[in-house]
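Listed next as structure tokens is one chain, alone, in the form predicted on its own.
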């Protein structure tokens, strides 16, 4: 089988700042890492490769610094890697990003399965898997928290309220995974050696030949702000439960909570 995993370099959340002038995340001087859910996508891809035979390829879209996450993936067992970069790709929204990824998949594939994280911690849209699967004409399995490999495809469990949905798709397919889907493996000595020797193939739009019209982002950011700080809860002191309940009810009535 030919299997692909999509990776994204994201800022360390605790260090990010917001550039209010340009409505962007200010990544200067901020540590970078592989998007957490993508680690689980790598594991899912490697499990499939081990079960059905085949190799895993990784693709990321980003600057030169993002090659570090490709090397990390190779240290885990991924065999080859591509980095997509071009000035024309800058500021791409989820539709433009899916278009670029689709072009890269057409150029390097076809693939029997494409894995990715359910969402990234910097954008948190979760839109790429469904858009990409639709563009490719592949089966789509999203937010997988459990994966079962079958002869012709895969079956996943997806959280739905207090229960789970069970969904099945035949190969070829796109599958996004959550952070509770599996336990990522550790790098091996052989993998670390391979990651140091890795030659990342860089693909720009001269290679992908995406029309300029298709790279235009139809959506735009009109506001960007950090979430409000959580307020501390109010503690009701005392050892008398009935008195504490009465005080709590009085406080809730004052705030028109019910």
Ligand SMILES: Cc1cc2nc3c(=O)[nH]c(=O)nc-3n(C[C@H](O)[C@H](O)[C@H](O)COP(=O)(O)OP(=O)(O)OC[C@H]3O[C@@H](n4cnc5c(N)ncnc54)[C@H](O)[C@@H]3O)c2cc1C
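Everything numeric here is computed off the predicted structure, so don't read it as measured data. Positions refer to the first chain, counted from 1.
Below: the form predicted in complex with the named molecule, not depicted.
- Remark: none of the three candidate residues (4, 85 and 134) comes within 4.5 Å of the named molecule in the predicted complex, counting heavy atoms only.
- Heavy atoms within 4.5 Å of the named molecule in the predicted complex map, among the stretches 229-237, 214-222, 47-55, 191-199, onto 214-222 alone.
- Note on the partner interface in the predicted complex: the residue among 157, 93, 72, 112 having a heavy atom within 4.5 angstroms of the named molecule is 93.
- For the options 128, 105, 76, 144, the residue carrying a heavy atom within 4.5 angstroms of the named molecule in the predicted complex is 128.
- Remark: residue 178 does not count among the residues lining the named molecule in the predicted complex, judged by a heavy atom distance of 4.5 Å or less.
- When the named molecule is considered in the predicted complex, residue 97 lines it closely, a heavy atom lying within 4.5 Å.
- In the predicted complex, residue 80 stays away from the named molecule, with no heavy atom inside 4.5 Å.
- In the predicted complex, residue 123 approaches the named molecule with a heavy atom inside 4.5 Å.
- In the predicted complex, the named molecule lies within 4.5 angstroms of at least one heavy atom of each of the following residues of 51-78: 59, 60, 61, in sequence order.
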